[in-house]
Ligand code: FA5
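First, one chain by itself in structure tokens, the form predicted alone.
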């Protein structure tokens, strides 16, 4: 029986060397240690042996079982290691290859202009005020010296929701709201936001566009303060080299009123199609706050003065970036937006 166990050990080694998969090793284990294995035959024959032979044979059988289990464990580790190695080779990632490029979002050109203008005015001590896009007729027109039937209302051809509410035609109602709640205190604000007018969309007009308006109210405010503020804004936005011109104009909520022109960026003031041969480009409107507007919001025009101004964000962006069609800002065309 001892010789039989020795030959079985050799057979175990030989058969294990042939195994290349885990299921083959498990089958071999069942063959040598299972219920119908040669080992079970030897155990059955132990009944016929005497006491001394049983001790010797029992020890040999236990050693054989331990030998088979140890050999199988080593073989399983070897096969598992080889399989892991093959898998790593098949799934290997070449870290020297360039990574995939992903497109990153960025600010819209109009947002860039708004934030740049906000930074300029915050640096001058202004606060940013906001208000609703659906406004009352009272705030949008009447508090700004545009009563019912005033001909200037036609300049702001409006989207009415009902007889008393409309989509705001400018951000001036935000100024009116601030004045109504200020309690007669000094004001220094800018009001950015969307506005709406009944315009036919073309290269220079849009039914929806964006404005930034400014308002300053305090004692001893003069037109010189307005000119200095706007001159600083224009030079910050377009450079120190350009010249600035103030022309008399008319707005119902300011008196006196002015329009601001800057030197044409394309021709340097010599005259070209962009400036229609004048050498100047209009950029914004402004003026001293009308006494009637001050009175309606609780300010005494004898002791308080103020100035207001308004500019179109799209117009500034078009001039800044050389864009010839306002509709590009709202088409969301990646070819246009990638340039900014």
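Positions refer to the first chain, counted from 1. Fair warning: this is a prediction, and the values are worked out from it, not measured in the lab.
Separately, the form predicted together with the ligand exists; it is not shown, and the next lines address it.
Does the trio 209, 253 and 312 actually contact the ligand in the model of the complex, every residue with a heavy atom within 4.5 Å?
-> Looking in the model of the complex, the three residues 209, 253 and 312 all sit within 4.5 Å of the ligand (heavy atoms).
Of 53, 63, 282, 69, the one that lies within 4.5 Å of the ligand in the model of the complex (heavy atoms) | None of the other options qualify; the answer is 282.
With the ligand left out of view, which of 180, 111, 165, 204 would have a heavy atom within 4.5 Å of it in the model of the complex?
-> After the contact test, the surviving option is 204.
Is residue 133 close enough to the ligand in the model of the complex to count, meaning some heavy atom within 4.5 Å?
-> Heavy-atom contact with the ligand at 4.5 Å: absent for residue 133.
Heavy atom of residue 156 within 4.5 Å of the ligand in the model of the complex | Heavy-atom contact with the ligand at 4.5 Å: present for residue 156.
Please check if residue 308 has a heavy atom lying within 4.5 Å of any heavy atom of the ligand in the model of the complex.
-> Residue-level check for residue 308: yes, a contact with the ligand.
Interface membership of residue 326, the ligand in the model of the complex, 4.5 Å heavy atom rule = Residue 326: contacts the ligand in the model of the complex.
Looking at 282-290, 296-304, 24-32, 267-275, which lies within 4.5 angstroms of the ligand in the model of the complex, counting heavy atoms?
-> Going through the listed ranges, the match is 282-290.
Just give me the residues of 180-204, first to last, that have a heavy atom within 4.5 Å of the ligand in the model of the complex.
-> Read in sequence order, the residues that approach the ligand (within 4.5 Å, in the model of the complex) are 197, 199, 204.
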